[in-house]
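Only one chain is shown below, in structure tokens, and it's the form predicted alone.
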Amino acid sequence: MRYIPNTKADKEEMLKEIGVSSFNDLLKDIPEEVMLKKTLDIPTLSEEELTEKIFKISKKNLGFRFFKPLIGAGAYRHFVPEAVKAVISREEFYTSYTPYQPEISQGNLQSMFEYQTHLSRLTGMDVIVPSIYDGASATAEATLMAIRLTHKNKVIISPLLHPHYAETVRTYTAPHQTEIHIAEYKNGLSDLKSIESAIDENTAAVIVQSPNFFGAIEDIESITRIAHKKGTLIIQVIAESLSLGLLKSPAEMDVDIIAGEAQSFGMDLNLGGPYNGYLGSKMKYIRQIPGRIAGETTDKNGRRGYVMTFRAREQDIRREKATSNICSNHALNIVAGNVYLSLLGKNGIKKIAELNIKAAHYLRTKLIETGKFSGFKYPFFNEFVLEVKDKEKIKDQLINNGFIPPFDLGIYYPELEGHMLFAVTEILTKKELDFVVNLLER
């Protein structure tokens, strides 16, 4: 039913049941000065007229079917196989929520378990929590985890952590009166000397994103050595998880905790979400990890089965031992990520990651060769920063030719006014990249 019509008799019956004489009685607590003094101008339309009106309004949106994005900044458009969409459309997955009852949730628990395994192999971490709201909240949860583990209350954040992630960390840690120190950056990379000088005896963790917000691949190994030398934990944030198919894993660099966003694994962009954050750590830190972990077991007849092995929120254990209040479970996105990674496999993920890095480097090289662009020189995955002469002209040129423009870095970095963050994924062909170069060199 699209509409639930109420007759005058229906309304009177409901008001009588509630115990009021009119609808306005329900609004008496609203201050008079904020009340609308006129009737809403809502036209009377038939269902067909309304459908046509809404469709015309929707056509004003810039859809990915008509515009190719050159923007990333934490949200990346990758090819999603039809098999992923087919599987997540199945009713038993599409209507799923947190699989508390293992006897009737075996499919979801198996998918969760397999997805944990994929992420563990990609990151090298011993323990993976596969379902946190998004990368930003995973970063904040990782921060709180580090504070609990160390009993210290200061965190050092790279200035090249995604600004939304940094803001979420501030929000989560505000009740704890956590001291947050923002380090410095140099030539598009976190300044190691700035990080080292900021670490003191009260520092719980250093938080560094790699690839960072500028797309640069950070020297995580050196940052880890600096942090560990001073008794501080290192948290690596991974906003573009496809990079794990090509770059050295966090575990190989002795990272303590990871916080990631898995949107790139089979999850299309949908006006801001839903995304799928994940968190991982070394096994010795498992008792302070938030969220839920699925496990494999056998039943009394020796048959393989799956259970919810670890749940650490206050609804499941004594409140004083809870490590988070994560209530939602992105089960459908877990299924999407699992199907995507299962379809591509180790070699497939590596090949797509290679396509991304080659295409991004190709576009940057060609744009630099035009003589109209300059930018930081650093190792990068599929995003890079360029200084442009007329960003408004570039935006208009790209939009008028079917491309969503790069991200304007001046929004978050005033000192980089006139710099744009380009993102290139496998959905952009060489022909399209050449077209962009020819367009922007005019």
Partner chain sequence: MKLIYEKSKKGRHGFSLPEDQFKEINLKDCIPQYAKEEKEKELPEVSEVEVIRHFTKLSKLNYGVDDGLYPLGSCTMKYNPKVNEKLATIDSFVYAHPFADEKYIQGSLQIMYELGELLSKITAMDKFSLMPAAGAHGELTGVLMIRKYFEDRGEKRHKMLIPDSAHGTNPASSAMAGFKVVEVKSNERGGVDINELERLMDEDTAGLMLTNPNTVGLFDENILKIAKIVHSKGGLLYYDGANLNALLGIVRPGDIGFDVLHLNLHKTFSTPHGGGGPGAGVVGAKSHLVEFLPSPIVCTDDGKYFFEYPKKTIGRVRAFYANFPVLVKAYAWILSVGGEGLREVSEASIINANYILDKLKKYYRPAYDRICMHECVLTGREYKEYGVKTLDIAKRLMDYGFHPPTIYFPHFEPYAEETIMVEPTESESKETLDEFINAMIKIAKEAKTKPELLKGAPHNTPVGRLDEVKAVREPKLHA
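Rigid core here is just the name for the largest C-alpha set that superposes within 1.5 Å across the two forms. Numbering follows the first chain given and starts at 1. Everything numeric in this text was worked out from a predicted model, so none of it was measured.
Missing here is the form predicted in complex with its partner chain; even so, the following discussion is about that form.
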So, in the model of the complex, is Tyr306 in contact with its partner chain at a 4.5 angstroms heavy atom limit?
-> yes
Does Gly231 make contact with its partner chain in the model of the complex, using a 4.5 Å heavy atom cut-off?
-> no
Is there any non-hydrogen atom of Tyr285 lying within 4.5 Å of its partner chain in the model of the complex?
-> no
Please run the contact check for Asn187 against its partner chain in the model of the complex: heavy atoms, 4.5 angstroms, yes or no?
-> no
Can you pick the one in Lys350, Lys372, His181, Lys193 that has a heavy atom within 4.5 Å of its partner chain in the model of the complex?
-> Lys350
Partner-free chain; cross-checking its partner chain in the model of the complex, the single residue of Ala75, Ile199, Ile147, Ile226 with a heavy atom within 4.5 Å is Ala75
Honest question, do Ile71, Glu167 and Ala359 all end up within 4.5 Å of its partner chain in the model of the complex by heavy atom distance?
-> yes
Proximity to its partner chain in the model of the complex (heavy atom, within 4.5 Å), stretch among 152 to 160, 232 to 240, 341 to 349, 199 to 207 | 341 to 349
Stretch 34 to 56 - residues with a heavy atom within 4.5 Å of its partner chain in the model of the complex = Val34, Met35, Leu36, Thr39, Leu40, Asp41, Ile42, Pro43, Thr44, Leu45, Glu47, Leu50, Thr51, Lys53, Ile54, Phe55
Using a rigid core alignment, state whether the CA of Glu48 is displaced by 2 Å or more between this form and the one not shown.
-> yes
Core-aligned C-alpha movement of Lys11 between this form and the one not shown reaching 2 Å | yes
Rigid-core frame, C-alpha of Pro31, shift of 2 angstroms or more between this form and the one not shown | yes
